[in-house]
Each structure stands twice: as C-alpha cells, then as structure tokens.
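In the structure tokens that follow, a single protein chain appears in two forms: structure 1, then structure 2.
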Structure 1
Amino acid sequence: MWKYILKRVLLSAMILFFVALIIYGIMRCIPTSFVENMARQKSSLPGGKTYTEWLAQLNAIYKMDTDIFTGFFSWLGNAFRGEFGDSWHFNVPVMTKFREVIWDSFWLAAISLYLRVIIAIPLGVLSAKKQYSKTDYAVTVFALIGISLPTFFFATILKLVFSVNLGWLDLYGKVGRMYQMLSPSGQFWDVVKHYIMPVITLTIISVGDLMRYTRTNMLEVLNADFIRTARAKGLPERTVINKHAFRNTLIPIVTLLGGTLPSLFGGALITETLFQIPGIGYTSYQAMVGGDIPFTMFYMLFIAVLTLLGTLIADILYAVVDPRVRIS
C-alpha cells in the first residue's frame, strides 16, 4: 500500500508540474501591453508606487523579460516558498488575502457536504429498498429536481421568498448592518442567519447526484448472489442491508465524495457570488473580472492541487471500504 501511495504521489507531482507550466504559459501569452496598462492603473492610485516601479516589480516577479522556461522555474520556486506576489485587485499579498477568505468557503462547503451526505445516502438506500413504490418515485423526483435546478435560479427563488416577500433573511453578505453592535452570541447567530440560504442552495443542487448514485448501486448489489445467499441463511433484513449490501455500494460513493475536496477549500464560485459571501470563490471571481493575474494563477494552481489530492484520497479509500480491492 505504501509503495502504491508513493507512486501515486510522484505521479500527481508530475501532473501538477505540467499543470503549473500550462498556467504560467497562458499568463505569458497575455500581451505585454496588459502588464503595462496594469502598472499604469496601479500607479494612478493615491499613495501608490510610480509607473516605473510597478512595471519593474511586475516584470521582476514574473520574469516577463526572460524566456518562458526561465520565468516558469523562477515562478515555481517562489510558489514552493508560498510567494505568489501581490494581488493587483486587492492590493495585498496573495497569501494574505487567501488566508482572510478561505475559512468562509470551508465552513460553507463543509456544512453543505454534511447535510448532503446525511440526506442523500439514507434516501438513496430507502429508495432502493422500496423500488417502484411511492417512496421510490418521490425520492427520484426530489433527486431529479435537485439535479435539474440551475444554481442562479434556485438562489433567486430563495431570495425572493425569504428576503423580499417574508423579510426573514438578508439578500446579500456574511453579516448584517448592526453586526458590530451585537453581543458575541448575537454576532454568531447573525452569521448563521446569513449562511442559511447559501447552505440550502449548495445542499439542494448537489444532493440529487449522490442520491441517484446510492440508489443505482444499491439496486445492483441487492440483486447480487451473495445477498440472496445471506437472505437464504435467515439473516435479518436489517443486517443484510446495512452490513452486507451497503458496504459494497461505498466505492462509487467514495469516488464521488473524493471529488468534493476541491469544493471544500476551492469555494462555490456561483453561490458565493450570488449571495456575496466573501469566500475564496467570490474573491477569485472578483480577481478574474478585475484582471488580477497573480491571484488568478494562485487560485488555478490551488484547485489543481486539491483535485489531485481528492483523487488520491479516493483511490486509497477504495481498499479501506472494500476488502476485495488490493494493490498487487
């Protein structure tokens, strides 16, 4: 197992190297005039550096006056040290801004993932147990609604109902206007109130696929020979379902959940933007719209690392959840 993990880590490192090269290559394809325009804009800000200083700093950070490979290895060396330069849009170091916004995205995604799992998996198992019943049809319709609903449409409906019509929740933001005047417990509940609609949005639009995955694989396992054998031995139906059948449905579920790691730390760009939650997703959107190359490059590399890490964790968990899977 350890040899397999080491091989996968080395393979992931090689893939990440080429992904970083592509990201840097795309940045280098941007005309030099863009950097000059950015230096001119930054120099016009009050209390900022001069145009010459900004231009020299940008060229020095990204080695714009050297060949692409020299510049890439210089940028990659800085990236290994956690140095991604200053954000052009937010006017602070990239890592400073990242540390400021990452936990808002993490808690939003973690709560949504927890709700997704405790809703989707039991309902998927229940739907498979009662195939072609009213319960099965109801769960299937609920799953299809979640899969089909566009994020922006569902979020707009929630805001229309709970903010505009009922006035229970605020339309945007992480905190309310009176946040600073509240007690610590009041501040906590104010943040919770602002997270309700984003959490509901993320949960509903993502619960359907996991529910359908669970139901499909559960039906396949329930028709297997070893399940019929277990029932023929007189085992209780609860034991057959929970101990024998459910464990064999975990591999595709682990695959699906392993791919959710980027969303835990990568942010929900559309949802955070719609509700203006100051997480990494909304921040990266602002950076992309504002032409912030340093932050955009960091975000793309960050997502690549999370994707490779999620795939590696899913592969390792295969052997944990299914004893039939072994690395030879």
Structure 2
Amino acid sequence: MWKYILKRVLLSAMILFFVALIIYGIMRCIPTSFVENMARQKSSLPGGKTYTEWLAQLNAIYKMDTDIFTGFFSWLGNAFRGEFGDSWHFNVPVMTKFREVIWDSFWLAAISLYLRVIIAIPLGVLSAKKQYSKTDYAVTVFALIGISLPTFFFATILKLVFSVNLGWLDLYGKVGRMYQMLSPSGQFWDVVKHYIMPVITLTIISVGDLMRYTRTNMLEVLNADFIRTARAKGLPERTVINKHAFRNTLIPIVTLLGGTLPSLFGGALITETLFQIPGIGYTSYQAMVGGDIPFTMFYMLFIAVLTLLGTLIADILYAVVDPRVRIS
C-alpha cells in the first residue's frame, strides 16, 4: 500500500515537473512586444512600479535573459520558495493577493459541492432504480440540460429574473453598497445573499455530471449477481437498494468526489467572473485579461498542482476503498 502511494507521488512529482516546464515555455513564447506593452501600461497605474522596475523584476524571477533551461530551474526554485514576484495588475505580491482571495473561492465551491452531492446522488440512484421510467427521463433531461447550459446564459437569466425583475439580489459583487454600515451578522447575511446566484449557477451546471455518474454506476451494480442473490434471498427491495447496491455504488463516487476536493481551491473562473465574486477565479481572470504575467503564471501552476493532487487523491482513495486495485 505505502509502496503504491509512494510510486504515485513520485510519478506526480515528475508530471508536475514537465507541466511546469510547459507552462514556463508558454511564458517564454509570449511575444516580447506584448510583455513590454503591458509593463508600460501597468507602470502608469497608480502605485505601480516603473517600466524598467517591472521588467527587471520579471527578469529576476523568470530569468528571461538566460537560456530556457537555466531560466526554468531558477524559476522553479523561486516557485518552491513561494516567490512569484509582484502582480502587475494588483500591485501587491502575488502570494498576498492569493491569500486574500482564496477563501471566497473555497466557500463558493464547497457550498456548491455540498449541494451538488445532496441533489445528484439521490436523484441518480432514483433514476437508476426506475430505469426508462418517466422519472428516469426527467432526471436525465434535467442532468443533460445542466451539462449543456452555457454558464453565462444561465447566469444572465438568473440575473434578469432575480436582480432586474424581482429586485431581490444584487447583480454583481460579494458585498452590497451598505456593507460597511451593517452589523457583523448583517454583514454575514449580506455576503450570503450575494452568494446565492453564483452558488445556484455553479450547482446547476455541474450537478448533471455527478448525477449521470451515479446513475451509470448504480445501474452497473444493480446488474451484478450479488443483487440478484440478495433479491433471491427475499430481502425487501429497500434493503437491496440502500444497503447492498448503494454502498457499492459509493466506491467510485467517493473516489470521484475525493478527486474533486483540491479543485475546491481552484476557483470557478467563469462563474466568479460573471458575478464578480472576488475569488481566485475572478482575480486571475482580471490578471489574465490585463496581461499580468506574474499572477497568470502563478495561477496556471497552481491549477496544475491542484489537478495533479486531485488525480493523486482519487488514485489513492481508489486503492483504499477497493482492495483489488492494490495488488497491481
């Protein structure tokens, strides 16, 4: 078991190395004119460093003046020590900005994941139990509509209904205009109110995948021989489904969910941008569109680490939950 985990971790480290190399390569491929233009633009922002200072700092971190491999290793060393330079767009060190915004993303994603689980799993099980019934069709259509909905379209419809027509919620932002004047509990509810639409958007567009996954796995389990045995023993259908079938369905689902845990920190780029929730997604969107190279590089590496971590967790969990895997 430990040998397996160690093997996976080493493999992940190797993959991360190559991903970092590719990301660094992309960075080196960005046209110099673009970099210089952006540095010039950012230097005119209030509180910004001068043009030469920006470029000097970029050089210090990315070693643009050396060959690609020397530069890469020096950058990787800096990245290990958590030195990503100062963000051009926000004029603060990248890590400071990151610490400031990460928790908004986390809570948004965590609430949405929780809702997703409590909606998707029961519905998926239900639709597998009654395959080809009206319920199954309804759940399938609902799930596929969720998958097919363009985020921005759904978000816009929500805004139109709840903000413009009903006037219940604000169009944008994490806090309302009166935030500073509210009591602590009032401030909390203000933020909660602003989270409603982003959470609904995130949940609806991502609930379908989990629902389909649950349904497929449940169907597979229900076709297994031990279910037939359980039925043949004369167990009530409820026990068959809830105890025998559902617990076995949980194996792949727990694995999948474990794998999505790191991505809770990854931020919802599109949803956060649409609702201007100041999480890591919206922040890095602003940075990317504004040509903020230090922040963008950090974000790409961060996402790569999270993805790898997710795969690693999923692999390990799979081995933990299903002993058959460990042998190979």
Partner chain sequence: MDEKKTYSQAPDATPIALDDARRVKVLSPGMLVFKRFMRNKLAIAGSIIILLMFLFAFPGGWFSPYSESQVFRAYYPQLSDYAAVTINEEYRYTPAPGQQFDNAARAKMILAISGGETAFESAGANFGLVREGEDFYRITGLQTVASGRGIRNRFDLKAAPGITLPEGFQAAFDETIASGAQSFTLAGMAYTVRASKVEAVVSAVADVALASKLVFEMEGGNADSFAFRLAAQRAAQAAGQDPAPFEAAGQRYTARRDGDVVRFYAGQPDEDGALLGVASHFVLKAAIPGAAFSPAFRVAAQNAVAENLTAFVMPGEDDGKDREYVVERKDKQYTIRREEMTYLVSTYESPSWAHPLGTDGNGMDMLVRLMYGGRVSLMIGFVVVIIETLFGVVLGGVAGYFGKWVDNLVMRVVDVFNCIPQYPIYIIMGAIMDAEKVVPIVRIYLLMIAMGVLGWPAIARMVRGQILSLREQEFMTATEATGLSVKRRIFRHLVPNVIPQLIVIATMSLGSVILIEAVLSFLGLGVKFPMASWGSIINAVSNIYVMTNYLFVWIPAGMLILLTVLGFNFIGDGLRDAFDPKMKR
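Numbering runs along the sequence of structure 1, starting at 1. Between two forms, the rigid core is defined as the largest C-alpha subset superposing within 1.5 Å. Remember, it's a predicted structure, so these values are computed and weren't measured experimentally.
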property: Label of the structure corresponding to the form predicted on its own; result: 1
property: Rigid-core-fitted C-alpha displacement of R40 between structures 1 and 2 (angstrom); result: 3.3
